[in-house]
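So this first bit is one chain, no partners, the form predicted on its own, shown in structure tokens.
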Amino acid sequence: MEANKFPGPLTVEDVRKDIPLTSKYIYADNGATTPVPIPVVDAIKGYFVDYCSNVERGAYAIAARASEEWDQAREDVAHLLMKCKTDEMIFTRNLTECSGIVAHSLQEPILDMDANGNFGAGDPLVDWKPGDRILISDMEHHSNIMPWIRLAHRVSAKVEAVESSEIGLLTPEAFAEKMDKNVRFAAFQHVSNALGTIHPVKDIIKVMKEVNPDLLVYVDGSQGPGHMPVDVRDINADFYGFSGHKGCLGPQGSGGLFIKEEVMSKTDPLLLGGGTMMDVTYSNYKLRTDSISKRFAAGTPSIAIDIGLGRAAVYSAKQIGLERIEEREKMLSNLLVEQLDGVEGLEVYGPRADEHRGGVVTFNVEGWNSMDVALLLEEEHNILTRSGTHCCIPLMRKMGVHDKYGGNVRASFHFFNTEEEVKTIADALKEMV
């Protein structure tokens, strides 16, 4: 897909016209899922209407086109959203699947036929020993906690949570204090979905790998690509996963997982089947080597959804601009914090400093359950927010809001939100208290 075929830079009004939902609601639940712009919907529809066929299977023209569009989508997602090589990007259904693929690869060594025709297991990514440790943070959501608990149980390791600061910031110093040679794997978020904090992940990884250069690191980028520029190679993550329907305005059921090329070649695919191999006998198989990322695309992929994610990457990165999205989201969230700061009866969480906050603001109203606040915002003001634990029950308990409020209320923004909408949210909350 040639990016120069599409107009840009788009204005806020241009994007709002592409998302009809914005004329009906104040949509402030982008941290959970973003509305899909019409051009992305058209790309998905175009596949089904004009060239609906399987990829890498048929010799006829529309099958060739389907393969070309699918390959182009992978290139666009890899280059525009993560700045990695095309063959370092795996299409997934969401961040949760990314975590599952990584967890499997850390438990099971790759099975393949070697150059001499021998079939068997390769060297494991981690040669686990009793007493080995896995570090996460105390801010992770369940998809970045549960897989590591299960992995630790199966390899006789121990999971430990690094504490965040008072404003909900993960710091290099906190991770450095926990590091030693027995820490073999670490998994933590790029941006908090519960507080909006943007963490210095590059610096965190740097101090950890200074202690253990063989450490493997997985970054949960659920709130990253599409909301801001991301360079996974510069960050120096070994794995970086994201969901396509949160930041880059893609469809649900889409996502991507970056795996360093040198790590991916040793990574065992979670699923095997058509499209993953070069040869199969009744006793062995040879995984494909022409595109190692396609080892992870067993069977018929979600072709239309993947093509939609590629179109969303072009729309957000080229037609809007990731720097413009990040700047606007920060402006909107900072404006809401300013409006709510000091209002008696309102608790606002997370950092106040501009450089540490993304497009998320979470809060509670004294005496109200968080769910009731969200329901009233919709019923009285047509404002759509998220309430509850945001799949972060341990963090909500640590903050003391799990039992008191049932979690918190989250307003999460994107490029299409306006200053007027932010002021409406602030006025509604002030009226409520």
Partner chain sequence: MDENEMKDKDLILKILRENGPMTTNEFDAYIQEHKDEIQTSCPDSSLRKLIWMKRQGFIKGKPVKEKKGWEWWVEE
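Just so it is clear, the structure is predicted and the values come from calculations on it, not from any experiment. Positions refer to the first chain, counted from 1.
Below, we turn to the form predicted in complex with its partner chain, even though it does not appear here.
Can we say G367, S387 and I393 each have a non-hydrogen atom within 4.5 Å of its partner chain in the predicted complex?
Yes, because G367, S387 and I393 each have a heavy atom that approaches its partner chain to within 4.5 Å in the predicted complex.
Consider the chain as shown here, without its partner, and state which of A32, A63, I44, L376 has a heavy atom within 4.5 Å of its partner chain in the predicted complex.
Only one listed residue qualifies here, and that residue is L376.
So which stretch, 368-376, 65-73, 32-40, 48-56, is the one near its partner chain in the predicted complex (non-hydrogen atoms, 4.5 Å)?
Only one stretch passes the 4.5 Å heavy-atom test: 368-376.
Is there a heavy atom of K398 no more than 4.5 Å from a heavy atom of its partner chain in the predicted complex?
K398 lies outside the contact set for its partner chain.
Is E431 one of the residues lying within 4.5 Å of its partner chain in the predicted complex, judged by heavy atom distances?
Yes.
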